[in-house]
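The data below hold one chain only, encoded as structure tokens and taken in the form predicted on its own.
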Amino acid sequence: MDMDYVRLGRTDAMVSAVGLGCGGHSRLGMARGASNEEAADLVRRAIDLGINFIDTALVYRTEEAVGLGIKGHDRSKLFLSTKSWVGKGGAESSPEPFTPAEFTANLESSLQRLGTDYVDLFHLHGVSHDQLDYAREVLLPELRRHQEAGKVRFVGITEVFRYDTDHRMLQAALPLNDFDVVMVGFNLLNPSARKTVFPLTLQHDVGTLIMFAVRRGLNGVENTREAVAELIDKQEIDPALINPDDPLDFLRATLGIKSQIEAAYRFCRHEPGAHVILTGTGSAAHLEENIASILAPRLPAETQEKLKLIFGEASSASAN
């Protein structure tokens, strides 16, 4: 299959529309016991399939595997993305913040594990709304210093979509125009970024990385039924518009849609403002299936309209 490449906003980088996500529930298979070398083989396979955008993070513990996987490839043709939290416990509970020196140590550790002297994109990782001021005022200047030194090409920020499903942090951050790229949660059960994030990224020419395109709430009928039941309880969708026993049955009944998962990836891939769709797996065969889904055509117009009618006002689900 031929990979599609897209312009990643004002970075002007041409990157694969499919990004290899090295975190999530799989972590290149390492969450289920894969070795560094086995995970590196998956990175190599992704590159062979045309993926040049690889996203990892210090906390994922996959940077060493990525470093092994990219070894021997033309570094200039790859776009590496990694990240550091801004606090010592993530974003869930107002953790003790990293000092600039500690933040720099995280970057240096990432460079060492990746086996490279620069990363194309370094994110402030999982920033909550409450952490944003500290991230911008204390850590971002430190990151700019490393950018000037050539260790970082572009600067990004990622949200904590599990807890910030209506994108409060990104709505505050994007108008300030500090970041070249953002990572945002977006899926057909929660398309709220369409109204609150993508208009801002398009206005400021900011690149977007789409996470949570397919997670637990979309990977099977039973899980989707549970996720939709929560949306009904919160009065975010009208139960009269769906079959509560199989809420997305109409997708699989549509000619040309192979599966619910394929439809979920296609939904994200063709959204105006969406650039790279991240997909994570521990299996080369599964990776190939996901690539085919992301590269499949836009969903039929009538299907898009039905999804908009059902889920257009939903904003509380992460589908995690």
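Residue positions are given as counts along the sequence shown, with the first one as 1. Not measured: the values here are computed from a predicted model.
Beyond the structure shown, there is the form predicted together with a small molecule, which is absent from this document and is the topic of what follows.
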property	result
The small molecule contact in the model of the complex: T224, any heavy atom under 4.5 Å	no
Touches the small molecule in the model of the complex: E289 (any heavy atom, 4.5 Å)	yes
Y60: touches the small molecule in the model of the complex, heavy atom cutoff 4.5 angstroms	yes
Non-hydrogen atom contact G282 with the small molecule in the model of the complex at 4.5 angstroms	yes
Per-stretch contact check against the small molecule in the model of the complex, the hit in 211-219, 169-177, 99-107, 225-233 (non-hydrogen atom, 4.5 angstroms)	211-219
Option touching the small molecule, based on a heavy atom within 4.5 Å in the model of the complex, out of I70, I261, I257, A34	I261
